[in-house]
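Just the one chain here, laid out as structure tokens, in the form predicted on its own.
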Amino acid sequence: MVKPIEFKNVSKTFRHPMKVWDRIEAVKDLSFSMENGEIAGFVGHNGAGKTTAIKMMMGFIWPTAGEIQVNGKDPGDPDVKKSIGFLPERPYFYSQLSGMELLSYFGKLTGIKGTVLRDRSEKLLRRVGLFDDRNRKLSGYSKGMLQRIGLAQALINDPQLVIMDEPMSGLDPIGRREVKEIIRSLKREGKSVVFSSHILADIENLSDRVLIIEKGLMKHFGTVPEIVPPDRIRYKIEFNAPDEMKDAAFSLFKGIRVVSNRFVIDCEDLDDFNVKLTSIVQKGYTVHDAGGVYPSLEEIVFSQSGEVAS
């Protein structure tokens, strides 16, 4: 089956802007592929190579080495362009156009016309919360509104693959929540989504798989549980007990605590977890929750580089 995106040993080298005899290797031997209907989140510090990888997906720049395929074809293929929606990190539009005129302009570029274009534009404006401002010039839009109209233009051609660089940049909490719901709805519609973000909680919350890039190199690509080393997993048991057995529960294990009227025990490792869980069940206590607690994506990235991604 054709994959939405496939990188095969891709590298990209730039000439140093100040030292022309030097080279900067922005991406180094990057290999990964996405599945259809998948949301992939890109994580990395500034300069890690995220935007360079996205620009190569779009065919804006070409790899120095390796091969990239988008929907089974070269990123520069016109048919590929028609199947992609793109939101850059800093979208720039003609400020004298209204929101409706902007969508009409981009829609016509993709071959959509007439009532189909008008109906689709109005639907997208409602979807991104800008219908009431559809006739307002973009010069009067806030940064968050420009980000949302940028998302609408990325969807005007009903793409199968949507690529977004920092899609929630400049949005307030309500706007971020709305954009996250749009991203989830794209997945429900069977579309594939690639997006980068500095907000690691959003990446973790939305992505089926996460690509962690550091200094141009791929550190990990997988689900959060897949990229967590086994020794980073913490185990916890939450249980309750009848009133007449609560005092005995405190003497059962060291370090037991009460949280929201439940007993909570932290375990050293999987073996310790199994021993304690067996004991709790044998004594007749009611187990409410038991299992591994994975570190957050922020903790994973922090532990790898000594600083939080930004």
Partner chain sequence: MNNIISVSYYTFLEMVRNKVLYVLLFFALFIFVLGIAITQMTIGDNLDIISDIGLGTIEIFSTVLAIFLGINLVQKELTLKTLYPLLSKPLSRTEYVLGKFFGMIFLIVVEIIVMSLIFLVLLHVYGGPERLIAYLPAIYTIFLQTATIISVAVLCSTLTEPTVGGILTISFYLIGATSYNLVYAITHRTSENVAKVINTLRYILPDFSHFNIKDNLVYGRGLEGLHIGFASFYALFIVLIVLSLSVIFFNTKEIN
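Owing to the predicted nature of the structure, the values given are computational and were not obtained by experimental measurement. Numbering follows the first chain given and starts at 1.
The following text describes the form predicted in complex with the partner chain, which does not appear among the structures shown.
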query	finding
Partner-proximal stretch of 187 to 195, 99 to 107, 170 to 178, 203 to 211 relative to the partner chain in the predicted complex, 4.5 angstroms, heavy atom	99 to 107
Contact residue in the predicted complex, from Gly47, Gly59, Gly66, Gly37 (heavy atom within 4.5 Å of the partner chain)	Gly59
Heavy atom within 4.5 Å of the partner chain in the predicted complex - the one residue of Gly144, Pro88, Gly129, Gly72 that qualifies	Pro88
Contact flag, Arg232 vs the partner chain in the predicted complex, heavy atom cut 4.5 Å	no
Heavy atom of Lys137 within 4.5 Å of the partner chain in the predicted complex	yes
Non-hydrogen atom contact Ser121 with the partner chain in the predicted complex at 4.5 angstroms	no
Distance check, Lys219 to the partner chain in the predicted complex, heavy atom within 4.5 Å	no
Triple contact flag Lys82, Gln153 and Ile156 to the partner chain in the predicted complex, non-hydrogen atom at 4.5 angstroms	yes
